[in-house]
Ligand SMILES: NC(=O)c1ccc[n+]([C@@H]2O[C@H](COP(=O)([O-])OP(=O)(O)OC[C@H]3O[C@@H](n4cnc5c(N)ncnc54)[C@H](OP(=O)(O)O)[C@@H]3O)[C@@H](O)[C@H]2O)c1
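Only one chain comes next, encoded as structure tokens, the form predicted alone.
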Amino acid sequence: MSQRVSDFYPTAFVTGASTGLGRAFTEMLLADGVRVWGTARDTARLAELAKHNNFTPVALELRDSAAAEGVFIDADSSAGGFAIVVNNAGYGVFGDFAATDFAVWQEQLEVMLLNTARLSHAALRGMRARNHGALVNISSLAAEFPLPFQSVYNMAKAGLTALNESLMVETAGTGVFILDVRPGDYRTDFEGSVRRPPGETTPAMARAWVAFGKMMETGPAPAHAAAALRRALLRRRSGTVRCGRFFQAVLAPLLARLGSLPIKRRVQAKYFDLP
């Protein structure tokens, strides 16, 4: 009989479980027999998942870091200690960095990096005490190949990847492992959820937005990312998981390692139809 994730990790906490990659991760874990506590700001969006006997809906607002940590601690206690924690929730903001009010960028950085780090901190404390668990932080290939006009999204994901790398060192030799998952473009509603602050749209911004939309529309289905996460969980060791279309997840990182930064920048500009 083939191994299932629940053979090693019976419980999981997944943020942003209502849609996109978070929904796919949740469905994969449920299919593998894991009991999942999944979050959304509005639990009504979790109604379909809640029909599953092994799913528990959780209301969580990541903008309030102290309250979010409290929600996590309560859920962790009710679960007897989560074996897997997947920090997936986040959002995009598309705009010119200097032309956009800085409060917009500050909120995004706090939600996607600082508050996610706070949940990681709470999760890791319990895992270290039990000497068992998998902390999965969903970063992005944008940490390596920044998206144009999404500067703070890139910054937050690069910071999350740096945190993951640091935690891999700190948990080495223990029963806890860290997964730095870096998805590329997938067919999700992420594009529709990207905020576009008011302001002038330059020709370069317009071209980049069209290119971004096309990439999202033609990417793999979210189940592809969930399968990559499943394989990584069954390996039971820390590491980086790049997933997405072949060019983004395999070829581009290889070319970036072999080439120079100016070449990498030119390729990225071409990719987004920029000068």
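Note that residue numbering follows the sequence shown and begins at 1. These numbers were taken from a predicted model, which means no experiment stands behind them.
This next part talks about the form predicted in complex with the ligand, which is not shown.
Though the ligand is absent from this view, in the predicted bound form it lies within 4.5 Å of a heavy atom of just one residue from V71, A89, V152, A83, which is A89. When the ligand is considered in the predicted bound form, only one residue from E170, E165, E200, D189 comes within 4.5 Å through any heavy atom, namely D189.
Stretch 109 to 117 is the answer when you ask which of 125 to 133, 109 to 117, 172 to 180, 74 to 82 has residues with heavy atoms within 4.5 Å of the ligand in the predicted bound form.
In the predicted bound form, none of the heavy atoms of T161 sits within 4.5 Å of a heavy atom of the ligand.
Using a 4.5 angstroms limit between non-hydrogen atoms, R63 touches the ligand in the predicted bound form. Shown alone here, T100 lies farther than 4.5 Å from the ligand in the predicted bound form, counting heavy atoms only. Although the partner is absent from this view, T11 stays clear of the ligand in the predicted bound form, with no non-hydrogen atom inside 4.5 angstroms. Annotation for 157 to 184: interface residues with the ligand in the predicted bound form are K157, P183, G184 [heavy atom within 4.5 Å].
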